[in-house]
Ligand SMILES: Cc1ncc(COP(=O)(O)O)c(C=O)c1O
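Only one chain is given next, in structure tokens, and it is the form predicted on its own.
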Amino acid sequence: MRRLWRSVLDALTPYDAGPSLEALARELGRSDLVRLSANENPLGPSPRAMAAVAREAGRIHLYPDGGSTALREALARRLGVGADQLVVGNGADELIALIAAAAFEPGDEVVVPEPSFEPYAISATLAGARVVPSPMAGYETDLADVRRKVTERTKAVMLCSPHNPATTIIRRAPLLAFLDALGVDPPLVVLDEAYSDFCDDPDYPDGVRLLPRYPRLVVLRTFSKIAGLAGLRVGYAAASAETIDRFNRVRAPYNVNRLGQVGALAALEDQEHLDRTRRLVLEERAFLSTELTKRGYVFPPSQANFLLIRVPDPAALRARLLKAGILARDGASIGFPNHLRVSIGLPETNATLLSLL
């Protein structure tokens, strides 16, 4: 019998994003659902971004700028890098897939902390590479173990800081020591900084500033979180110009739509909204952390816009929260059984959450 599908697909479990908010609202018969399961921006998008998208709506019959030029140039000015050191993608998910398409071949190894964001392993497996898991040390990325797993066959190391779902960061000195230990011919080191905007630890390193010293470093960031544009799917990678050239060779033309480009550009320029979002998340994260500790809950100190809370009966607690219109993520589905991952919400939502806990 003719074999139609790649055999590697049998080893993959599709990423489960869960039902849409709209579908759940219809199913439960309520319009007041609050999703604290997807780490979305509680304030919504920038008003400037919404206005820019509305203005651009009449031009959606035209192909977008294939290189996201205006957005890359604005990002380059903001970050202090060349525009040729940036590529914009259809969310960070596409950027992870671009890395795999450009670099991974059968027989390569990719070291991935476990657990972590599922697309790291999925993209590597699809490219025919072997995923080498590095178990987390509790809630921390074990860089010593990651280093031990690097061999001559290692094509890339995937790191996430702040970590999703553990909320912890990789501190400056350990990260620099790890990068130095890889030597003069290191693999690619992909540093996913999707949640970096919510970090207030002074020991957190800015990956983009490390690029001149480590030319095989790739830094991923997104407009989905602090900018509130998750529905537009816009992320970007910063790396050496040579690395970005390789990504562009496998990137699909017109990969970022017209509305996503103008929305992201407007959001980038709305510093007031970015500051307001960060301030809300940091204040409410501190409030929730204090109140949960008073109630006896255990969780790692978060540097993201969510908490990973150990709970005795996740299913029962999720059901109680859902009955009150709050969606939380079951930790078992993301590698942390007996935990719930809960996004930072608006003050009134957080107060309701605490009353139910």
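From 1 onward, residues are counted along the sequence shown. Fair warning: this is a prediction, and the values are worked out from it, not measured in the lab.
Same protein, other form: the form predicted in complex with this ligand, not shown, and the subject of what follows.
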query: Contact test, all of 197, 273 and 277, partner this ligand in the model of the complex, heavy atom 4.5 Å; finding: no
query: Distance check, residue 214 to this ligand in the model of the complex, heavy atom within 4.5 Å; finding: no
query: Proximity of residue 123 to this ligand in the model of the complex, heavy atoms at 4.5 Å; finding: no
query: Residue 91, heavy atom within 4.5 angstroms of this ligand in the model of the complex; finding: yes
query: Partner proximity in the model of the complex: residue 104 to this ligand, non-hydrogen atom cutoff 4.5 Å; finding: no
query: Interface stretch in the model of the complex with this ligand - options 197-205, 240-248, 115-123, 70-78, non-hydrogen atom within 4.5 Å; finding: 115-123
query: Listed residue (155, 149, 258, 233) with a non-hydrogen atom within 4.5 angstroms of this ligand in the model of the complex; finding: 233
query: Selected contact from 87, 99, 160, 175, since only one has a non-hydrogen atom within 4.5 angstroms of this ligand in the model of the complex; finding: 160
query: Within 4.5 Å of this ligand in the model of the complex: residues from 171-192 (heavy atom criterion); finding: 192
